[in-house]
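Form predicted alone, single chain, as structure tokens, below.
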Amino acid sequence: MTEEFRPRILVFCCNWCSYAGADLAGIGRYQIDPHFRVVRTMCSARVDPEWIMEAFRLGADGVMVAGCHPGDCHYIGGNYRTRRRIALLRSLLSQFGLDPERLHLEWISAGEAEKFASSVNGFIRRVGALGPSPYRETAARTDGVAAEEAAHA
């Protein structure tokens, strides 16, 4: 019997807008698919491209970066830098055997709880349609080896 595919999604949220929108979505009891984890950052520009690539290497099926709307960044132009970085990373993903659709950028303000919920749900559906990341199996084997090595240490 095969288990239903449940995508592993990582969502980087800026502290000032999208994280507050996520919090408001929780308070408002919006229905959100539970197959994601949030990483809170001070600004979307603080999300290092290496973190995104590391998430994929470790078996994430999709990564979403959520930040303030352009022009509303608490750090002046952080979201403009984020937009350029995500565009560059999306162009590089295919060179690593990943569909660029596995990386998504969304602008969500603190008052947009419904947008947070619909954006995350939509992204989870899109990644679910793509299937498991090609790195997922490799990451599982690597984790198994690391766990076995730790047990023998």
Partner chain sequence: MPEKIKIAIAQGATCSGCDIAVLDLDVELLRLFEVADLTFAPLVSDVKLKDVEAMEDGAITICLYHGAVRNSENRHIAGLLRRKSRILVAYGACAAFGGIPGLANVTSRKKILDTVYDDTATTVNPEHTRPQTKYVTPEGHELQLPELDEQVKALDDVVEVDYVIGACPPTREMNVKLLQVVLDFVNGKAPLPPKGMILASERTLCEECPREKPEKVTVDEIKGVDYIQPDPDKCFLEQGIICFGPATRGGCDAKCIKVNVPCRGCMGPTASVIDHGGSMLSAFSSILRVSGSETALPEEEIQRLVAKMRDPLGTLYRFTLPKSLLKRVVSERPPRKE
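Predicted, not measured: the structure shown is a model, and the values here were computed from it. Residue numbers count along the first chain shown, from 1.
Keep in mind that the form predicted together with the partner chain is not shown, yet the notes after this line are about it.
*Asks:* Quick check on residue 95: any heavy atom within 4.5 Å of the partner chain in the predicted bound form?
*Replies:* Because a heavy atom of residue 95 falls inside 4.5 Å of the partner chain in the predicted bound form, the answer is yes.
*Asks:* Is residue 90 a contact residue for the partner chain in the predicted bound form, using a 4.5 Å heavy atom cut-off?
*Replies:* Although the partner chain is absent here, residue 90 would touch it in the predicted bound form, with heavy atoms inside 4.5 Å.
*Asks:* Does any part of residue 125 reach within 4.5 Å of the partner chain in the predicted bound form? Heavy atoms only, please.
*Replies:* Heavy-atom contact with the partner chain at 4.5 Å: absent for residue 125.
*Asks:* Going by a heavy atom distance of 4.5 Å, is residue 57 a contact of the partner chain in the predicted bound form?
*Replies:* Answer yes; at least one heavy atom of residue 57 falls within 4.5 Å of the partner chain in the predicted bound form.
*Asks:* Of the residues 104, 85, 35, 115, which one places a heavy atom within 4.5 Å of the partner chain in the predicted bound form?
*Replies:* Among 104, 85, 35, 115, a heavy atom within 4.5 Å of the partner chain in the predicted bound form occurs only for 85.
*Asks:* If we take heavy atoms and a 4.5 Å cut-off, which stretch out of 35-43, 117-125, 95-103, 22-30 is in contact with the partner chain in the predicted bound form?
*Replies:* Stretch 95-103 is the one.
*Asks:* At 4.5 Å, heavy atom to heavy atom, what parts of 70-84 sit next to the partner chain in the predicted bound form? List them in sequence order, or say none.
*Replies:* Those in contact are 70, 71, 80, 81, 83, 84.
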